[in-house]
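The form predicted on its own is given below as one chain in structure tokens.
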Amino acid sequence: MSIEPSASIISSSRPERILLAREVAESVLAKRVISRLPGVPVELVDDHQDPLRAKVGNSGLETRSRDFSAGKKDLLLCRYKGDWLRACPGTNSHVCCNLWTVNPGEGCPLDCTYCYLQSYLKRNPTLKLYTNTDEMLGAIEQKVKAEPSRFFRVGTGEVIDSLVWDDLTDSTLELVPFFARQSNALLELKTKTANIGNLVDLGSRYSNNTVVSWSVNAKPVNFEDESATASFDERLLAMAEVQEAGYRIGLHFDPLIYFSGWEDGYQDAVREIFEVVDPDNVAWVSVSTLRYKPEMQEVMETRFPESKIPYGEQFLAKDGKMRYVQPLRLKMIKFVWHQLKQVSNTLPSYMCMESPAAWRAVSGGAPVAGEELREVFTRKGRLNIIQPQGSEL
């Protein structure tokens, strides 16, 4: 596949209204965002709380679904008043990759059918950007310096796409150089966009401690169930550009979604990605199948009546989430895992939120953390402990 670099791709997301908390009206970030959205009306609000919170919390399914969609039309600029840096809570009896998370905002203007935020943020659906990111950087620095023997892999893509607003906020112009100065911390920017202009401009000067990751799926899933995201080919263009700029690449085949012809779809996806991405430049690849809380079933049916995703062979698993029945789940993971290992047997691949039993069934052994996955599976995130081949975490 021929790739022609084009760093001009920016976010297509544009709110219909800006809600500006009075207490941040003079902040640098608020002024920057507003200046880059000319023509979008700005409404001053007294409270930093989600204006839809009370309404959504006491409404029925159809109203909640409608208001979740409505929340994507507004952008609330406010202060964050909670704890910035948090360890991923994981899932009971499933293997966790030790990710730490910070959230410079909340909610996503993209609209994937299967997005777990539809249930996770059901009471707080309005899109938000936090203006006190200087406090976020301070909290990260304090934590990593307090524990110099612990390795921190920090992601910004838990409840917001890491790059979706970057052309408005310039957040990566602060984050990437900040992490470049850390000796025991690494930044993961996870996205479904091609909004990479700032990263390319920064280039190799600061890229040493930043991994730019993409959630990727087969083209039919991207086309039918990932509304407003960058296309598969646009993501490939972006991968080529950031790789050229000196960044390592992360890939998340998560969630794998069943559809007629899924084997060909995922085989093609792996092949096309590695026609562009150098396997030696990949920091990690995660693989897992569709999973969601039971309440999401009706939400998807209501918001996306044409989607086939809610009608797959799924059951309520022990972790309280809907998952594909085990034979199908393992078949899909094994297939993609095998495709990845055909690219390179040393490709740093892991399974996200899967049980040790699933690891044994797919990889032939218990979850391991050899040197190639040192940044992911070091026990408790500590630099000096690497799990030997075949041991249990």
Partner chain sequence: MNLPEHIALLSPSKNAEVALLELARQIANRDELEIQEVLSDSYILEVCSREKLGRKDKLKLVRAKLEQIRFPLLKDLESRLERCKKAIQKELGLTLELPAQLEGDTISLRLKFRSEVDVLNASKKLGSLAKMDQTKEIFSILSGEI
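Every value quoted in this text rests on a predicted model; they were computed, and no experiment measured them. Residue numbers count along the first chain shown, from 1.
Beyond the structure shown, there is the form predicted in complex with the partner chain, which is absent from this document and is the topic of what follows.
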item: Stretch from 66-74, 336-344, 27-35, 321-329 whose residues place a heavy atom within 4.5 Å of the partner chain in the model of the complex; value: 321-329
item: Option touching the partner chain, based on a heavy atom within 4.5 Å in the model of the complex, out of Gly312, Pro177, Gly246, Gly265; value: Gly312
item: Contact of Arg303 with the partner chain in the model of the complex (heavy atom, 4.5 Å); value: no
item: Touches the partner chain in the model of the complex: Val40 (any heavy atom, 4.5 Å); value: no
item: Any non-hydrogen atom of Leu316 within 4.5 angstroms of the partner chain in the model of the complex; value: yes
item: is_contact(Lys308, the partner chain) in the model of the complex, heavy atom dist at most 4.5 Å; value: yes
item: In the model of the complex, residues of 109-130 near the partner chain [heavy atom within 4.5 Å]; value: none
